[in-house]
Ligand SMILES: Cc1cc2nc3c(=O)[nH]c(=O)nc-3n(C[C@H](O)[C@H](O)[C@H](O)COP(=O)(O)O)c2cc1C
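Have a look below at one chain only, the form predicted alone, in structure tokens format.
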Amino acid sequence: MEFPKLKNKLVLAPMADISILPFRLLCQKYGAAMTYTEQLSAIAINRGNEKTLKLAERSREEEEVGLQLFGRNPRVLLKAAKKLEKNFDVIDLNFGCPSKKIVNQGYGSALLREKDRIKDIIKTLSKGLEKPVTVKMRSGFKKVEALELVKVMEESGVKAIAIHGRTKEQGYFGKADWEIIKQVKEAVSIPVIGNGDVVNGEKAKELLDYSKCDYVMIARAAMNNPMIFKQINCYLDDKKEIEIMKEDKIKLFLDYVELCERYDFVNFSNLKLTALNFCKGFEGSKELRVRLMKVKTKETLIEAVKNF
């Protein structure tokens, strides 16, 4: 199977502690053409870990969704993917996470140093699964290595590549290298999803025009504002930015709470984090932040946001 043809150019990135089912639904409501689960451990899935399997839940309401896995053993990854592939549109391999904890175990961006293992993993999953296999990667570990790696990935059976224009060593600092995204697009014939420093419609158009990538992946900008997908889509259509008001963000949070309740994802720490993220950048945000740090219940949290 090939990578699905998406209804627009925008994709939500997989993000730890963020990309749960309610958040994905909210982003799709406002225009994300595809979303991903956060990176899930293949070992934990195979062990039947309840927390991990909860994070792998998908709703019938969702459109295109990818299951993102991390691991380094091809057979372990294949077994985990087989358990869940029927529920997802693609199986995505994480070769990009720069987290020290993940890298020290040989997962995520650590695999960018192991070309033969990458080849083995992709070949094993591509041959063993019915759904298309995709990859999310960084431009390299300490230096840019992507051009050699993406050709190996395509030859091994990958159907799309999402590339973040930073190395593992850069983390989330410095300017994303859009030139490497452009070069990757020129090097392969499969869809390329560009990622890095897209914070509004203007930046999304710049990246699409410059790199000729097929799609744009939004990460940190979506954490604070799932409505960014609507803003960017409108800009790409007619070059007009939609202004998001404080009232919009309050409704966004209340919708998120309702989705968490509907799908049994209510977690107080997550709700507090989401409220803090959604309410950034407005008059009174600092005062609200202080208030939210003191609340102890879901009810007082919701009331504080309503009164923002």
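A residue's number is simply how far along the shown sequence it sits, counting from 1. For clarity, every value in this text was computed on a predicted model and none was experimentally measured.
One more form of this protein exists, namely the form predicted together with the ligand; it is left out here, but the text below deals with it.
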Next on the checklist: Using a 4.5 Å heavy atom cut-off, which of 217 to 225, 139 to 147, 122 to 130, 201 to 209 contacts the ligand in the predicted bound form?
Outcome noted: 217 to 225
Item to check | Position in contact with the ligand when the complex is considered in the predicted bound form, options L25, L288, I18, V295, heavy atoms within 4.5 Å | outcome: I18
Checklist outcome for this item: In this chain shown alone, the residue from N94, N233, T167, S156 with a heavy atom within 4.5 Å of the ligand in the predicted bound form is N94
Next on the checklist: Taking the ligand as it sits in the predicted bound form, is G196 in contact with it (heavy atom to heavy atom, 4.5 Å or less)?
Outcome noted: yes
Item to check | Contact label in the predicted bound form: Q68 to the ligand, heavy atom within 4.5 Å | outcome: yes
Next on the checklist: in the predicted bound form, is there a heavy atom of the ligand that lies within 4.5 Å of any heavy atom of Q39, even though the partner is absent here?
Outcome noted: yes
Next on the checklist: in the predicted bound form, is there a heavy atom of the ligand that lies within 4.5 Å of any heavy atom of A13, even though the partner is absent here?
Outcome noted: yes
